[in-house]
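Only one chain is given next, in C-alpha cells, and it is the form predicted alone.
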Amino acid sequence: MKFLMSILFVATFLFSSDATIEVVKKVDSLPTLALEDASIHTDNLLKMKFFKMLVADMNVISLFNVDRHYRNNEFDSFKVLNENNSMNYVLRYNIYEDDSKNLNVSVKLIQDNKTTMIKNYKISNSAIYMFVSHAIAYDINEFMGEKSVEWMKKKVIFSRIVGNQKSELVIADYTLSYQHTIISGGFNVFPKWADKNQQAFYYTSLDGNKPVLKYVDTQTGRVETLLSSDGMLICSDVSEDGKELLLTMAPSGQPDVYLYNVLSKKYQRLTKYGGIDVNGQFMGKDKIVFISERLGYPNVFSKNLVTNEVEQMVYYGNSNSSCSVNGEYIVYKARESSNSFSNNTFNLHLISTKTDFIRRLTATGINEFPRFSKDGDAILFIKNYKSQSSIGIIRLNHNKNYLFPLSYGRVQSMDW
C-alpha cells in the first residue's frame, strides 16, 4: 500500500509540473474573501467602479472564492462586518483624495480580525484607478507566496477595426477598462511592443501602395518609418533584448520569415520554402517557430538557425494558423473540423516540446492570436463569438479562463 501511494505521489508531482496536464481546482476548496469599502468622501461612481475592478482582479489571481456583495465598514474598525465573520480573509480599503488632488488607496488584508498586510497606493489621475486595483491584486498574490503575476500590471496594445479599411491602435490594461487610442485614422494593424518597458511599439501601416513598418516612441511621440515591402510586412516577434525583429515579408511575392537587425537596419531571409512561411516567433537564441503550408495546410514548424534543420512541431488540428512560444511550450490555434467552407470553431491548444500531451484551452467560438505572458503564467488571446469581440486571459496553472468584451469594433491583433 505504501508503495502504491508513493507511485501516486510521484505521478501527481510530475503531472503538476507539466502545463499541458489539466489542473482542476474546485472553487469550494479555495479560501473565501470579502471586500469592505471604507471610503467616505469619494465619488459613488468611482467607488463602485473600483469595487467591481477589485473583485475582478481578485478572481483573476485565482486564489480565493470572492464574495461579490458590496459592503461598507470603517477602515480602523477592529472587527470585520458580521456578514463577513465566516470569511477566511477580508480585504478592506479606503479611497481618498489628498491636498494635491492625488488619488490614494489604503489597503488592509485581514484574517481572523487581525491585519496581516497593509499597503498604500497613490496615483495622480483617478482615471487610471484600474492600475491601482491590478497592483493590489499583484501584491496580495506576492504576499500569499504564489507565482508572480507581473503581467497584470502590463499594458496591452491592440488594433481595433472600426470600419472598412479603418482601424485604431489602442493601449489598454488587460481588462480593457482603461483604453487610450494612440493612433487613429487610416488602416494600421499588427502592433508589437518594442521593449520590456513598453515605451515604444511597431506596427504596419496599410495606407499606401505598399505595407510600411513603423516605430513609435510613446514617451516622445516620435514616429519612424523603418522599411516597406511588396505584398506583406508584419513584425511578428521581438527578441528578448529588443535588438532583433522577426518579420514576415513578401518582396518577391512569396511570404517568408526574415530577421531584422534594429541597429544596422539590415535583414536576412530565414525561410526559403517555395510556399507560405509566416508568423515567426523566437524560441531561444538559435531557433524560431513559424507557420508554414509545406504540408498542404497551415501548421507549426521550427527551424534551427545554426543547422538549418526544419521540424514539424504540431501533429493535431487543422489549419494551425497562429502560435506563441514560451520556453518548451507552444500555444497554437487549430480549426476543429476538416471542412474549410463550413462554420468552424477555432480553439487554442497547448503542447510541450518535451512530451506528447496536448491540452485544449478553449471550447467555443473563434479563438486566435494567442500570446504568452513573459513568465508563461498566462495566455492572452482574442475571442470572437456571436458578433462579440473580446480579449481573454487563460490562467494555465489554475485552469481558468476570463473574458473582457470590447465595447465596439473588432480586435484585429494585439500584444502585451
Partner chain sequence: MKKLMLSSAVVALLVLSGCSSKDVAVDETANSKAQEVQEVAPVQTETLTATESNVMQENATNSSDSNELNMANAEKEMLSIYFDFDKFQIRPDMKEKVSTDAAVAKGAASAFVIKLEGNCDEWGSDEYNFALGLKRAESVKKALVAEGVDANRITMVSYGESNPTCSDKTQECWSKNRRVDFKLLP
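For the two forms, the rigid core is made up of the largest set of C-alpha atoms that agree within 1.5 Å on superposition. Remember, it's a predicted structure, so these values are computed and weren't measured experimentally. Residue numbers count along the first chain shown, from 1.
The form predicted together with its partner chain is left out here; the points below concern that form.
Original post:
Here the chain is shown alone; which of Lys79, Lys272, Arg222, Lys101 has a heavy atom within 4.5 Å of its partner chain in the predicted complex?
Top reply: So the residue touching its partner chain in the predicted complex, by this definition, is Arg222.
**OP:** Tell me, out of Gln312, Thr307, Asn197, Asn88, which residue has a non-hydrogen atom within 4.5 angstroms of its partner chain in the predicted complex.
**Re:** Exactly one listed residue reaches within 4.5 Å, namely Asn197.
Original post:
Taking Gly242, Gly392 and Phe404 as the candidate spot, are all three within 4.5 angstroms of its partner chain in the predicted complex by heavy atoms?
Top reply: Checked in the predicted complex: no contact with its partner chain for any of the three.
Original post:
Thinking of its partner chain in the predicted complex, which stretch from 324-332, 80-88, 244-252, 103-111 has heavy atoms inside 4.5 Å of it?
Top reply: Careful reading of the contacts points to 244-252.
Original post:
Is there a heavy atom of Phe369 lying 4.5 Å or less from a heavy atom of its partner chain in the predicted complex?
Top reply: Because a heavy atom of Phe369 falls inside 4.5 Å of its partner chain in the predicted complex, the answer is yes.
**OP:** Report whether the minimum heavy atom distance between Leu176 and its partner chain in the predicted complex is within 4.5 Å.
**Re:** Residue-level check for Leu176: no, no contact with its partner chain.
Original post:
Does any heavy atom of Ile128 come within 4.5 Å of a heavy atom of its partner chain in the predicted complex?
Top reply: It does: once its partner chain is placed as it appears in the predicted complex, Ile128 has a heavy atom within 4.5 Å of it.
**OP:** Find out whether any non-hydrogen atom of Asn209 is located within 4.5 angstroms of its partner chain in the predicted complex, and reply yes or no.
**Re:** Yes.
Subject >> in the predicted complex: members of 161-186 within 4.5 Å of its partner chain, any heavy atom >> reply: Sequence-ordered list: Ile161, Gly163, Asn164, Gln165, Tyr178, His180, Thr181, Ile182, Ile183, Ser184, Gly185.
**OP:** State yes or no: after fitting on the rigid core, is the Cα displacement of Thr355 between this form and the one not shown at least 2 Å?
**Re:** It does not reach a 2 Å shift.
Subject >> Core fit, then Asn59 C-alpha moves 2 Å or more between this form and the one not shown >> reply: Not so; Asn59 is displaced by less than 2 Å.
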